[in-house]
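Single chain ahead, by itself, as structure tokens, in the form predicted on its own.
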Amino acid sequence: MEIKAIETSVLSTPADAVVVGVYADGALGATAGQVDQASGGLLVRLLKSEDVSSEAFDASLIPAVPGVSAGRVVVVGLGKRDECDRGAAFRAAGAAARLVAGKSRGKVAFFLHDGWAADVSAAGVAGAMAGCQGQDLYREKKNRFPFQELLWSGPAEAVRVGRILGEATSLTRRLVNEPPQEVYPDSFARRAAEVAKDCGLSIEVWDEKRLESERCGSLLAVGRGSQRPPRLVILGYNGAAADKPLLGLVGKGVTFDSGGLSLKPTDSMVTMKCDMAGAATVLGAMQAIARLKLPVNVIGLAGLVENMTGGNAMKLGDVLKARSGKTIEVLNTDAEGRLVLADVLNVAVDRGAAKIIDLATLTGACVVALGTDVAGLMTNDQSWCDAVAAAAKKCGEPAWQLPMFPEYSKLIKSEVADIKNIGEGRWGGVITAAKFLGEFVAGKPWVHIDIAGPAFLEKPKAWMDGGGTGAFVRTLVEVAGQG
């Protein structure tokens, strides 16, 4: 898909469709006003008759509008004018793009930039790219048709940044949407190597022999039941002086999670190709950070395994020795993501990460607590968590902090090892999982983001098809950009 900044008029731009916006109170955006005037008040009449909606992120298609060269005009709700931030721009542009992409279109021009700040316009570009791409990777009859050309009326620099963010989000979504026979530890690592070569990132890939020599006993145990051996991918980006702090981004990459011997029921296993969304998010963010040439040093780590039920699979009652030397009693083989991250977090610490963020589709308990749209934040350092939360809010990616009181640590104490991999019963499962991870960060400022809800849509939204969402790619890039 070709993406261009344009300076032409909404009335004269040759395109299959032009997109204009209307605010929640029915007030037309600047370009929508031009369309309304040229068409003799058509948009206002359609809004009054409710044939066109001004509700946030509702999109309506009007064919053959008088005075407009394009074949169609799409009107999309932008929400309240004073609340039209990055999140609203992403969703509004995505909703319009998703509507138009229901059929093959050659050229679609977006005229939503209405006095917006450059970062808001960039979010709109990324949203438009997301909206016209679906999860129909293997359907003969497609549901979505990415445009041949996406034109955006706005600053060229905003379009450049938006394209980079959109491509990073698309990379993450594509990896999550691919079936598990296509995305497994080694194939993910090879894809990461392609991204690294393209963007100028450094890369190391640890195979099973290197993982054994590095004493990654916790990660290796999770992969024992699979014929697909595990991998650890380490990506590096140096955009600042060598003496500047190193930001560590860590992603859970369970490319398929059967639950192991604690086998999941069928309904719970159907979407478990998405259990590598944390790793895919880190890869997408590293691509964007490198392409944007941000002045920061970043290490991105992805722990990659399949959690299967083979004859050598990890068993209940096993005691694992993690890379840090800590011992772990396994009481549920479906609490495997934290076992993978235990070793990967330790590598991040050893590589000198001054601050760490990990992302994982870690617990169903987080979805129970916060629903499917909101990620959970947990931390050992409030100021660092505040910075991450502020970045997520700027990007319009909902997140909510959960408590990490000392009492929760008691729930993961084991009688036979240093800690166990689940808490006491069902209660506080999202927090006890985070407490487990906190045992492996050596006191470094650390934020855990549980993306089990927002990483994968089981049903489509107005602005995005079902499947992988690319959630929190933009947040990680925002955090990195803050230095």
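All residue numbers refer to positions in the sequence shown, first residue = 1. In this text, all values refer to a predicted model and were calculated from it rather than measured experimentally.
The protein also exists as the form predicted in complex with a small molecule; that form is not presented, and the subsequent description refers to it.
Shown without its partner, this chain lists Lys80, Lys197, Lys264, Lys142 as candidates; in the predicted bound form, only Lys264 has a non-hydrogen atom within 4.5 angstroms of the small molecule.
Of the listed positions (Ala335, Val176, Val100, Leu247), a single one reaches within 4.5 angstroms of the small molecule by any non-hydrogen atom in the predicted bound form, namely Ala335. Stretch 364-372 is the contacting one of 364-372, 234-242, 387-395, 114-122, since its residues have non-hydrogen atoms within 4.5 Å of the small molecule in the predicted bound form.
Contact between Leu402 and the small molecule in the predicted bound form is not found at the 4.5 Å heavy atom cutoff. Though the partner is left out of this view, Met272 does reach within 4.5 Å of the small molecule in the predicted bound form, counting heavy atoms only. When contacts are judged by a 4.5 Å heavy atom cut-off, Leu437 does not count as touching the small molecule in the predicted bound form. By the criterion of a heavy atom within 4.5 Å, Ile419 is excluded from the residues contacting the small molecule in the predicted bound form.
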